[in-house]
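Read the single chain below, which is given as structure tokens and is the form predicted on its own.
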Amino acid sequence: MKQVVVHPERCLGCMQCMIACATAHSQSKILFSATLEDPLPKPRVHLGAGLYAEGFPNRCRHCEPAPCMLACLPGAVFRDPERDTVLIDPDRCINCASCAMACPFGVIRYYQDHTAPPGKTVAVKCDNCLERQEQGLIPACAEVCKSGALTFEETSDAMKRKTDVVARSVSADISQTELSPGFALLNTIRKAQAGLSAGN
């Protein structure tokens, strides 16, 4: 089954995934209109910064077993077995934060959402853009990511590709080919800038 796969070494930190995610989970599904909605839609993918200011798109992994689901006493967090996606029922959520405390990746947030009863703050996280998938589209974050940091593919294909990269990197007389020259240069510049900042 296809999932969004994160390739952090390719992230440019542009935050387009966050904007696309918030728009996809808005009432209007249009960026300009979404900025005027109440409640204001928020992203379900979160961009963090590494040691050298490199971006890291953090999103729900839909774990199996899912710690958030095990921690949810009212049963608001559940798995859709057909689509292998962990979801949250806003009507059953009691805003206790047990799921957020149990999540090892820190991807669950609490706010008002148009899918919840008016005025109710609920747990919100990535739903793999199931609504978009039902329309034959891919998740918004993967669609908008032009650097390839987020891809929508079979996880087995992504793991096989990574294994091949690692295998090539240990072959005799073969230079590492993990990153294109542009990404390698960008990461080198970031490391150098961080070194200069630390020296001041």
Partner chain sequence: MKYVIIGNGVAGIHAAEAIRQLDTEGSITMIGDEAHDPYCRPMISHVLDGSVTPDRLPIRDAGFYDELNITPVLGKRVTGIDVNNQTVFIQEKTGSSSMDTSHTLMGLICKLLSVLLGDDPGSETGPKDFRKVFPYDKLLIATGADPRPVKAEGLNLKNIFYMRTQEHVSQMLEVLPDAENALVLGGGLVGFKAAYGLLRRGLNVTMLIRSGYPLSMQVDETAGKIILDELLSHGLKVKTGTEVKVFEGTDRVKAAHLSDGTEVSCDMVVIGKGVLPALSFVPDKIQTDLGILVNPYMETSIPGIFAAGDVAESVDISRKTPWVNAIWPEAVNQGRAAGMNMAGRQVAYKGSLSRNVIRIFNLDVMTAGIVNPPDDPSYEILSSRNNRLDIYRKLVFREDKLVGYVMVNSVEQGGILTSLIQNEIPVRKDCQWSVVSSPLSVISGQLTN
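Being a predicted model, the structure only gives us computed values, none of them experimental. Numbering follows the first chain given and starts at 1.
What follows is about the form predicted in complex with the partner chain, which we do not show.
Looking at the partner chain in the model of the complex, residues M18, L70 and R92 each place a heavy atom within 4.5 Å of it.
The stretch in contact with the partner chain in the model of the complex, judged by heavy atoms within 4.5 Å, is 42 to 50, chosen from 27 to 35, 42 to 50, 141 to 149, 162 to 170. Among residues of the shown chain, A116 is not one whose heavy atoms approach the partner chain to within 4.5 Å in the model of the complex. Although the partner is absent from this view, R83 stays clear of the partner chain in the model of the complex, with no non-hydrogen atom inside 4.5 angstroms.
Heavy atoms of G136 never reach within 4.5 Å of the partner chain in the model of the complex, leaving it off the interface. Interface residue remark: L130 is not counted as part of the site for the partner chain in the model of the complex, having no heavy atom within 4.5 Å. Counting a residue when any of its non-hydrogen atoms is within 4.5 Å of the partner chain in the model of the complex, the hits in 85 to 101 run D91, R92, I94, N95, C96, A97, S98, A100, M101.
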